[in-house]
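Just one chain is shown here, as structure tokens, and it is the form predicted alone.
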């Protein structure tokens, strides 16, 4: 599968700082993959997302999106291919109503009104927000606001969806609902998804994890490889998946546990079988 994003030896530091917030990073993201970029707060992962979208100018290195160099001369063409959902959806709302907000990007592209209305309705239906079309965005719950933000992005038909801590302000039920919706949107629209997160359970849903520490890429691999490194995750200021926490607790009690990575559901299934066998 071809790479839709390629970064080669990229570095960046903010004007008022001396140390790089991104340092000599190189990676590729395959078309259609879900990639989680994981790191502690301040590790550089959100800065990396902004670099991909051309929101800052690198000190060193190059980023290519669909084989196009991210540069000022073609920045708007690059951004047409990328949808960005931020941590706080209130920062993205510009319309007086939900429908107006979803239509905003389409209006900027001078889309014919009939076609625009059709895409707005389709996007709202997909995120199950059609009944709120005339509601003010500010009156919605946190989960509903993120659904509207996703609708506005999906209506633009990007190739790439970047989520910058998009679920971090939601309660567990809202987070699960949004992640389930993202899986549906990814499949329906063949999206490449980049999830910027420090939530290990969210990262477990990805095809690949890029582990960032102080602007450096310290590990990459499938979730099973990365999430089993409990001690290393803790050293990097991250949490350990719940299933792995249970395994670690059982090991301390001298109980033999599976060696492979176990998410919460698999761990529950294994414990249930184990308990039944001991009866």
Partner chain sequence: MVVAEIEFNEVGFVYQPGTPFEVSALRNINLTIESNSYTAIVGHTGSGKSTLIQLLDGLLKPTSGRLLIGQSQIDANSTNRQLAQLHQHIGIVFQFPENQLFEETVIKDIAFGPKNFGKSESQARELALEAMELVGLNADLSERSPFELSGGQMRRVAIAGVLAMQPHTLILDEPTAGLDPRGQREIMELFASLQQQQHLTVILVTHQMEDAAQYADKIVVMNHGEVVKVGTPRDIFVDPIWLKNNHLMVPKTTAFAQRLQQRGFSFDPFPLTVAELAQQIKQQLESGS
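If you superpose the two forms and keep the largest set of C-alpha atoms that fall within 1.5 Å, you have the rigid core. Numbering follows the first chain given and starts at 1. It should be emphasised that the depicted structure is a prediction, and the values quoted were computed from it without experimental measurement.
Omitted here: the form predicted together with its partner chain. The next part is about that form.
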Contact residue in the model of the complex, from 31, 220, 216, 40 (heavy atom within 4.5 Å of its partner chain): 40
Its partner chain in the model of the complex: contacting segment from 23-31, 221-229, 61-69, 236-244, heavy atom within 4.5 Å: 236-244
Non-hydrogen atom contact residue 18 with its partner chain in the model of the complex at 4.5 angstroms: no
Residue 260: touches its partner chain in the model of the complex, heavy atom cutoff 4.5 angstroms: no
Residue 264 within 4.5 Å of its partner chain in the model of the complex, heavy atoms: yes
Partner contact for residue 207 in the model of the complex: its partner chain, 4.5 angstroms, heavy atom: no
Interface residues of 193-210 toward its partner chain, as seen in the model of the complex [heavy atoms, 4.5 Å]: 198, 201
Core-aligned C-alpha movement of residue 10 between the shown form and the other one, 2 Å or more: no
Core fit, then residue 24 C-alpha moves 2 Å or more between the shown form and the other one: no
